[in-house]
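Only one chain is included here, represented as C-alpha coordinates and corresponding to the form predicted on its own.
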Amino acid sequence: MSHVILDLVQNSVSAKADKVEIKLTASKRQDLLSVLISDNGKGMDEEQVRKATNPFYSTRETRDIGLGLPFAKMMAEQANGDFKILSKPSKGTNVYFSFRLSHWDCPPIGDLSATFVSLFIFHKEILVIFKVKSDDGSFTLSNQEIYKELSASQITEQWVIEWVREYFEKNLVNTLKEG
(Lines give C-alpha, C1' and ligand atoms only; values in the text may rest on other atoms or scores of the structure.)
Protein backbone atom coordinates (compact mmCIF):
# COMPACT_ATOMS: atom_id res chain seq x y z
CA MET A 1 0.00 0.00 0.00
CA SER A 2 2.93 2.36 0.61
CA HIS A 3 3.66 2.63 -3.13
CA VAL A 4 0.03 3.64 -3.78
CA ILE A 5 0.26 6.33 -1.09
CA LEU A 6 3.46 7.64 -2.66
CA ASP A 7 1.81 7.69 -6.10
CA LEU A 8 -1.26 9.54 -4.80
CA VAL A 9 0.89 12.12 -3.00
CA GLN A 10 2.71 12.61 -6.30
CA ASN A 11 -0.72 13.40 -7.81
CA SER A 12 -1.14 16.06 -5.10
CA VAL A 13 2.26 17.54 -5.92
CA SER A 14 1.36 17.59 -9.62
CA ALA A 15 -1.87 19.38 -8.66
CA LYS A 16 0.26 22.18 -7.13
CA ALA A 17 -0.59 21.34 -3.52
CA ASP A 18 1.67 22.91 -0.91
CA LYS A 19 0.12 20.86 1.90
CA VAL A 20 -0.60 17.13 1.90
CA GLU A 21 -1.93 15.23 4.88
CA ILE A 22 -1.85 11.45 5.03
CA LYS A 23 -3.94 9.75 7.70
CA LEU A 24 -3.55 6.02 8.25
CA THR A 25 -5.93 4.42 10.73
CA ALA A 26 -5.74 0.79 11.77
CA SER A 27 -8.52 -0.45 14.03
CA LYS A 28 -8.71 -4.09 15.01
CA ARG A 29 -11.92 -3.33 16.91
CA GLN A 30 -13.58 -2.10 13.71
CA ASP A 31 -11.68 -4.56 11.50
CA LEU A 32 -10.66 -1.60 9.36
CA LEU A 33 -7.53 -0.17 7.81
CA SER A 34 -8.12 3.21 6.19
CA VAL A 35 -6.12 5.86 4.39
CA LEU A 36 -7.12 9.46 3.78
CA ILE A 37 -4.93 11.67 1.62
CA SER A 38 -5.95 15.33 1.64
CA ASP A 39 -4.36 18.13 -0.32
CA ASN A 40 -4.94 21.78 -1.05
CA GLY A 41 -4.07 21.48 -4.74
CA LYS A 42 -6.04 22.67 -7.73
CA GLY A 43 -8.76 20.04 -7.27
CA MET A 44 -10.96 18.43 -9.90
CA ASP A 45 -14.38 19.13 -11.35
CA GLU A 46 -17.12 16.47 -11.30
CA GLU A 47 -16.20 15.15 -14.75
CA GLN A 48 -12.54 14.73 -13.76
CA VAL A 49 -13.53 12.96 -10.53
CA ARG A 50 -15.79 10.61 -12.51
CA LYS A 51 -12.94 9.75 -14.91
CA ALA A 52 -10.18 9.65 -12.29
CA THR A 53 -10.45 5.91 -11.61
CA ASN A 54 -10.27 5.00 -15.30
CA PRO A 55 -6.68 3.76 -15.84
CA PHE A 56 -6.66 5.20 -19.36
CA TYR A 57 -7.47 8.71 -18.18
CA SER A 58 -4.79 11.07 -16.98
CA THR A 59 -4.24 14.81 -16.97
CA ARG A 60 -0.51 14.20 -17.20
CA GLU A 61 1.28 15.28 -20.34
CA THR A 62 4.04 12.67 -19.96
CA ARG A 63 1.79 9.64 -20.46
CA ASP A 64 -1.84 8.76 -21.11
CA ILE A 65 -2.42 6.45 -18.17
CA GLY A 66 -2.79 6.98 -14.46
CA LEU A 67 -2.75 3.94 -12.22
CA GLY A 68 -2.64 5.27 -8.65
CA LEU A 69 -6.35 5.97 -8.17
CA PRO A 70 -7.63 2.95 -10.16
CA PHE A 71 -5.26 0.67 -8.25
CA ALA A 72 -6.31 2.08 -4.86
CA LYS A 73 -9.97 1.61 -5.77
CA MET A 74 -9.40 -1.94 -6.99
CA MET A 75 -7.47 -2.92 -3.85
CA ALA A 76 -10.17 -1.45 -1.59
CA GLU A 77 -12.99 -3.21 -3.43
CA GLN A 78 -11.13 -6.55 -3.40
CA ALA A 79 -10.71 -6.30 0.39
CA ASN A 80 -14.37 -5.43 1.01
CA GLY A 81 -13.44 -1.82 1.71
CA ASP A 82 -14.51 1.55 0.44
CA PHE A 83 -13.14 4.16 -1.95
CA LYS A 84 -14.13 7.81 -2.33
CA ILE A 85 -12.83 10.94 -3.99
CA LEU A 86 -14.08 14.33 -2.86
CA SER A 87 -12.72 17.22 -4.84
CA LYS A 88 -13.62 20.72 -5.93
CA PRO A 89 -11.73 23.01 -8.29
CA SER A 90 -9.43 25.36 -6.35
CA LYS A 91 -10.33 23.63 -3.07
CA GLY A 92 -8.18 20.50 -3.15
CA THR A 93 -8.84 16.80 -3.11
CA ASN A 94 -9.52 14.11 -0.51
CA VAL A 95 -8.95 10.50 -1.48
CA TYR A 96 -10.20 7.89 1.00
CA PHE A 97 -9.79 4.15 0.75
CA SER A 98 -10.22 1.38 3.27
CA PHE A 99 -9.88 -2.36 3.70
CA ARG A 100 -11.25 -5.01 6.04
CA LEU A 101 -8.21 -6.08 8.07
CA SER A 102 -9.47 -9.65 8.28
CA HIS A 103 -10.09 -9.93 4.54
CA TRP A 104 -7.89 -12.26 2.56
CA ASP A 105 -7.06 -9.50 0.07
CA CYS A 106 -6.17 -6.79 2.58
CA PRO A 107 -2.87 -5.52 1.20
CA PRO A 108 0.25 -5.27 3.37
CA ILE A 109 1.06 -1.77 4.55
CA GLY A 110 4.46 -1.91 2.93
CA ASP A 111 7.43 0.27 3.77
CA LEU A 112 5.75 3.48 4.97
CA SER A 113 8.98 4.71 6.52
CA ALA A 114 10.61 4.63 3.06
CA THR A 115 7.57 6.51 1.72
CA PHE A 116 7.93 9.20 4.37
CA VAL A 117 11.70 9.46 3.79
CA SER A 118 11.10 9.86 0.04
CA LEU A 119 8.60 12.64 0.68
CA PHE A 120 10.95 14.18 3.25
CA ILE A 121 13.88 14.31 0.82
CA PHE A 122 12.19 15.10 -2.48
CA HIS A 123 9.35 17.43 -1.52
CA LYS A 124 10.84 20.10 0.71
CA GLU A 125 8.60 22.68 -0.92
CA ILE A 126 5.39 21.19 0.48
CA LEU A 127 4.18 20.47 3.98
CA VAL A 128 3.70 16.73 4.38
CA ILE A 129 1.92 15.60 7.53
CA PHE A 130 1.72 11.90 8.32
CA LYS A 131 -0.80 10.85 10.99
CA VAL A 132 -1.00 7.25 12.16
CA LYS A 133 -3.68 6.09 14.54
CA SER A 134 -4.67 2.77 16.07
CA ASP A 135 -7.29 1.85 18.66
CA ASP A 136 -5.02 2.89 21.52
CA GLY A 137 -2.35 5.17 20.17
CA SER A 138 -1.33 7.70 17.56
CA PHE A 139 1.57 9.72 16.29
CA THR A 140 2.04 12.59 13.90
CA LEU A 141 5.14 13.62 12.03
CA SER A 142 5.63 16.35 9.46
CA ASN A 143 8.59 17.07 7.28
CA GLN A 144 8.51 20.74 8.36
CA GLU A 145 9.01 19.75 12.02
CA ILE A 146 12.26 18.08 11.07
CA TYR A 147 13.38 20.83 8.69
CA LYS A 148 13.20 23.37 11.54
CA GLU A 149 15.99 21.54 13.31
CA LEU A 150 18.28 21.19 10.29
CA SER A 151 20.16 23.31 7.82
CA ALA A 152 19.25 22.85 4.14
CA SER A 153 22.48 20.98 3.46
CA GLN A 154 21.83 18.46 6.25
CA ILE A 155 18.51 17.22 4.86
CA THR A 156 20.12 14.80 2.43
CA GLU A 157 22.91 13.66 4.73
CA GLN A 158 22.86 9.93 5.33
CA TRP A 159 22.71 10.16 9.13
CA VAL A 160 19.61 12.42 8.89
CA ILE A 161 17.89 10.08 6.45
CA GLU A 162 18.63 7.08 8.68
CA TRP A 163 17.42 8.92 11.79
CA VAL A 164 14.16 9.98 10.10
CA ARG A 165 13.60 6.44 8.81
CA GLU A 166 14.26 4.84 12.21
CA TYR A 167 12.16 7.42 14.09
CA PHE A 168 9.21 6.98 11.74
CA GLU A 169 9.49 3.17 11.74
CA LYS A 170 9.75 2.96 15.53
CA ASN A 171 6.67 5.16 16.04
CA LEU A 172 4.72 3.38 13.29
CA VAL A 173 5.43 -0.05 14.75
CA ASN A 174 4.68 1.09 18.31
CA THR A 175 1.41 2.77 17.28
CA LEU A 176 0.16 -0.16 15.22
CA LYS A 177 1.24 -2.67 17.88
CA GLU A 178 -0.76 -0.81 20.53
CA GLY A 179 -3.92 -1.08 18.45
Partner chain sequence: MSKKINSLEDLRKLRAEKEKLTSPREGDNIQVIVGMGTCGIAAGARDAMLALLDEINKKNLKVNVTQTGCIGMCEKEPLIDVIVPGKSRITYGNVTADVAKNIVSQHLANGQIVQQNVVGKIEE
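Positions refer to the first chain, counted from 1. These numbers were taken from a predicted model, which means no experiment stands behind them.
Below: the form predicted together with its partner chain, not depicted.
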| item | value |
| --- | --- |
| Its partner chain in the model of the complex: contacted by all of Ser34, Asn54 and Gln78, heavy atom 4.5 Å | no |
| Contacting member of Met44, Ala26, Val117, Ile126, with respect to its partner chain in the model of the complex [4.5 Å, heavy atom] | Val117 |
| Residue contact check: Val49 to its partner chain in the model of the complex, 4.5 Å heavy atom | no |
| Any non-hydrogen atom of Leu6 within 4.5 angstroms of its partner chain in the model of the complex | yes |
| 4.5 Å heavy atom contact, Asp111 and its partner chain in the model of the complex | yes |
| Non-hydrogen atom contact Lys170 with its partner chain in the model of the complex at 4.5 angstroms | yes |
| In the model of the complex, residues of 8-44 near its partner chain [heavy atom within 4.5 Å] | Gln10 |
